[in-house]
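This document starts with one chain, in the form predicted alone, laid out as structure tokens.
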Amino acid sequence: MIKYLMKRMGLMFITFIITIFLFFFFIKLMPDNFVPSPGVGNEWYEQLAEKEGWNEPIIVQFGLWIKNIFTEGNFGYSHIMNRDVSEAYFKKIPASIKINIVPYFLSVPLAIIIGVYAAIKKNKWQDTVISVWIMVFISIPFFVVAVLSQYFFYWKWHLAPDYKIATASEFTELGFWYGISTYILPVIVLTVVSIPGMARYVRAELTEQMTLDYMLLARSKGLTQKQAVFGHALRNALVPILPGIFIGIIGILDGGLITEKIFRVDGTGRMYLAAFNGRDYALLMLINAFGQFLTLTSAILADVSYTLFDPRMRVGSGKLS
């Protein structure tokens, strides 16, 4: 286990360095359209260019970027934020977590419950209703659901206090409970659109498990359908699903561009859009590097978590014990 984990971490490090260099290379291919403001000197820009070696070959610039990270803890300077990119970016992560964490922990158990119920009621009207609902929400893009929810619940029916998340100043001016109430609409929307995909997966896995021979054996020994499903089939059906649940927890750290734009969340997703539109290359580099780190870490956790839920598997051997 330890040997396999160390091997995966080594491969993760190599993959991380290669992909980050490719990010850096393609970002540096973009033109530098910096124009100093009228009446403002560009001495700071020249000093920054010299420090980060912008006139040097790309491989040298990449080495200087890595060196500045380890020696100074400096990921670069954001010209649209007027400060170090790490200071600007990591302060936005809590806002992204606040909008994503509650829908995630609500949608996971609800999706499992709905998927199990649909599998038990397979080919009955309950299963048909759930399947139609799942296909509808899977087919409709998220931004359509979000905008329609804002239109009906805020503009037409006046059931929501606002169509967007309250800012820090609004929390102070309008009160804490008003600010919390503005989270209700986006939390409900994010929860509803997150359920169908996992519910469909749970239904498919559980339906397959219920057709296997061990379920017939369990029923022949006198177990009821519920006892056989919840005692045997469900546990086996969740084995390929549970690792993805833990991976999703890491994904909470990464903001959603569409979500934050529609509901005016001051998180990392909106910052990415601002960095792209403003050609803030240092900020783009940090966002891509952090996102790649989360992706590779999630992949390792997925592999390791299989041994937690299925002890028959020996990680790295490809054999059953």
Partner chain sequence: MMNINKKDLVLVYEDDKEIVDVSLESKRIGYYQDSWNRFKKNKASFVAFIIICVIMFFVVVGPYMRGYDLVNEDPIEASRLGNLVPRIPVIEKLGIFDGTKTIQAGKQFLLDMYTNEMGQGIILSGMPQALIDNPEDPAYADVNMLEVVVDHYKYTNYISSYKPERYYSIISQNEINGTNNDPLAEVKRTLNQEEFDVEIKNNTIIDILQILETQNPDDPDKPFFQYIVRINQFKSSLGTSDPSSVYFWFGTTDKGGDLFTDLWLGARISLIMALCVVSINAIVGLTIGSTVGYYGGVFDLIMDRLVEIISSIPFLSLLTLLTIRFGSATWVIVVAFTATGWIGNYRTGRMQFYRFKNREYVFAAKTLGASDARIMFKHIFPNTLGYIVTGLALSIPIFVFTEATFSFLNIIQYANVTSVGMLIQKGQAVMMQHPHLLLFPAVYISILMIAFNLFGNGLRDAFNPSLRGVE
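Positions refer to the first chain, counted from 1. Everything numeric in this text was worked out from a predicted model, so none of it was measured.
Just so it is clear, the following notes concern the form predicted together with its partner chain, a form of the same protein that is not shown.
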So if I measure heavy atom distances to its partner chain in the predicted complex, which of the stretches 94 to 102, 233 to 241, 168 to 176, 143 to 151 falls within 4.5 Å? 143 to 151
Given that the partner is absent here, does residue 292 sit within 4.5 Å of its partner chain in the predicted complex, heavy atoms only? yes
Contact between residue 301 and its partner chain in the predicted complex at 4.5 Å, heavy atoms? no
I'd like to check something about residue 157: if you look in the predicted complex, is any of its heavy atoms closer than or equal to 4.5 Å to a heavy atom of its partner chain? no
Taking heavy atoms only, is residue 211 within 4.5 angstroms of its partner chain in the predicted complex? no
Among the candidates 82, 220, 71, 139, the residue which, in the predicted complex, approaches its partner chain to within 4.5 Å (heavy atoms): 139
Contact set, 94 to 129 vs its partner chain in the predicted complex - heavy atom within 4.5 angstroms: none
